[in-house]
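Quick setup: one chain, the form predicted alone, written in structure tokens, and binding and motion questions come after.
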């Protein structure tokens, strides 16, 4: 319950803090955001009269309970709170609208007025035991978060001064590599975490995780795979040079808009080469070629035998997979299985056929994060790939036959012929990556 409560609260506060920075108090859009935030506070407090949201060691806690997934999904907002010196927010019924508005304005940096009515109190002492945040996947989550932070740093540096230090990303990817090796199944499930609000950052880290996994599968040595992973994480850094209006344009792009899009691989490669350092050539090659198709089309045109480098082709496959399974402003997400079908359909033209087959073999026909409805009526999430073709799916049951969410998801093996259908996670009201802690290392290893 804590994950859903905290996610609802953070969604409401984040939206309101942005709206109060754009529109004055009383504006219809601000008032709408206030209503949403009030609703999220009610869910956060349920069933208590008073509860606290605390930031401790880069994680959110609801009272003394860590909420690991929300800590990743809302890491940008967590950083906003830290920047403003907000270590805890204590909420007490009945919440004052004036307090709520002042809180949002303070976190958003548009006001220094603190909540004054006493229904929202900041930075009250609360003892948090550091061991509460120690789980089998703590280090994996930390490496994911560190890579998100590296991406924010690089993006900010590119905007402010047009350059960045590559070592920041290299260190983050090395950590991601080590943790992915230690917990490969958990890493694949974690790569399903999404954020519509910060799509580019989360997409970049997910492409990094999947590229490292696929590279290890096909035998790429660490000395080469880490620089390729850096290229995977930075493959879209050139989009800093593209206007947001073009990036998020909902319709068909005109010729000028398309020209602006097609320069981002070159811009990204040049920025990586300018950063320099060991492995920068490999990383820059990946960024340059991630839209150059296997059959010699795409952009930019590759003169080396008409095909992109093997490391670029590897990133192309996983980049497409994560993009298809992510919601964008101009289209809805597709299911993991549908993404695999798209890859198979383009094997040999858009994508390297051998790498496509290797990727499908790694992920299984129902990749981690797939949500399936069983023949007996349960809703289950696939939490790790099948070890061999035709093997039962290792799942967690998240909804019973009555359609109600289960507070403590239960492990279950689902035979392939018992899968009634696959459903979209968003339609089922489920975030697969939020189950990472429920899976635990024992489930990842033994299932």
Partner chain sequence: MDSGTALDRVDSGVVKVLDALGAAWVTYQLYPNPKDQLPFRRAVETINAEATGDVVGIGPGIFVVEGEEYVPRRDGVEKVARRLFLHDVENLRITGGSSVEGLAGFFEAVAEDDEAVREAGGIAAVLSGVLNIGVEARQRGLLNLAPGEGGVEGAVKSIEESIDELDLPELARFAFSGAGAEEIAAAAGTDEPDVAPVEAYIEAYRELHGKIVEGAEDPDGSLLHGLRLPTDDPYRTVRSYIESFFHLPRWMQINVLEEVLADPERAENQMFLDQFSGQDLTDLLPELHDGASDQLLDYAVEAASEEAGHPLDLLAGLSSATEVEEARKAVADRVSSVLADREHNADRLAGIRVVMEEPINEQNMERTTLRELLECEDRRERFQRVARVWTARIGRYIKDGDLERAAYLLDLAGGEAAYQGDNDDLIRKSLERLTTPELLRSLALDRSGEQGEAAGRLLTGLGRQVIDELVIQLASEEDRAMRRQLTELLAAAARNEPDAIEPYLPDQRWFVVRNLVTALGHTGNPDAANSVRLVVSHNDYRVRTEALRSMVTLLGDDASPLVIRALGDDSEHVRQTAAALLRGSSLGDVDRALADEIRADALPTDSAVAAVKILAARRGPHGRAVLEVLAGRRFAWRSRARTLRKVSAGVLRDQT
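Numbering follows the first chain given and starts at 1. No experiment lies behind these values; they were computed from the predicted model shown. Rigid core (definition): largest C-alpha set, two forms, superposition within 1.5 Å.
Only in words, not in the display: the form predicted in complex with the partner chain, which the text now covers.
- Although the partner is absent from this view, residue 109 stays clear of the partner chain in the predicted complex, with no non-hydrogen atom inside 4.5 angstroms.
- The partner chain in the predicted complex is not approached by residue 121, whose heavy atoms all lie more than 4.5 angstroms from it.
- Of the heavy atoms in residue 195, none are within 4.5 Å of the partner chain in the predicted complex.
- At a distance threshold of 4.5 angstroms between non-hydrogen atoms, residue 153 is out of contact with the partner chain in the predicted complex.
- This chain appears without its partner; in the predicted complex, the one residue of 388, 407, 417, 46 with a heavy atom within 4.5 Å of the partner chain is 388.
- Among the residues 82, 167, 354, 97, the one placing a heavy atom within 4.5 Å of the partner chain in the predicted complex is 354.
- Contact here is defined as any heavy atom lying within 4.5 Å of the partner chain in the predicted complex, and by that definition each of 311, 335 and 342 is a contact residue.
- In short, of 69-77, 342-350, 110-118, 83-91 it is 342-350 that has heavy atoms within 4.5 Å of the partner chain in the predicted complex.
- Although the partner chain is not shown here, in the predicted complex the stretch 233-254 places heavy atoms of 244, 245, 248, 249, 250, 251, 252 within 4.5 Å of it, in sequence order.
- Taking the rigid core as fixed, one finds a CA shift for residue 201 smaller than 2 Å between the shown form and the other one.
- When two forms of a protein are overlaid on their rigid core, residues whose CA moves 2 Å or more are considered shifted, and residue 74 is one of them between the shown form and the other one.
- Here residue 386 does not count as shifted, since its C-alpha moves by less than 2 Å between the shown form and the other one after the core is aligned.
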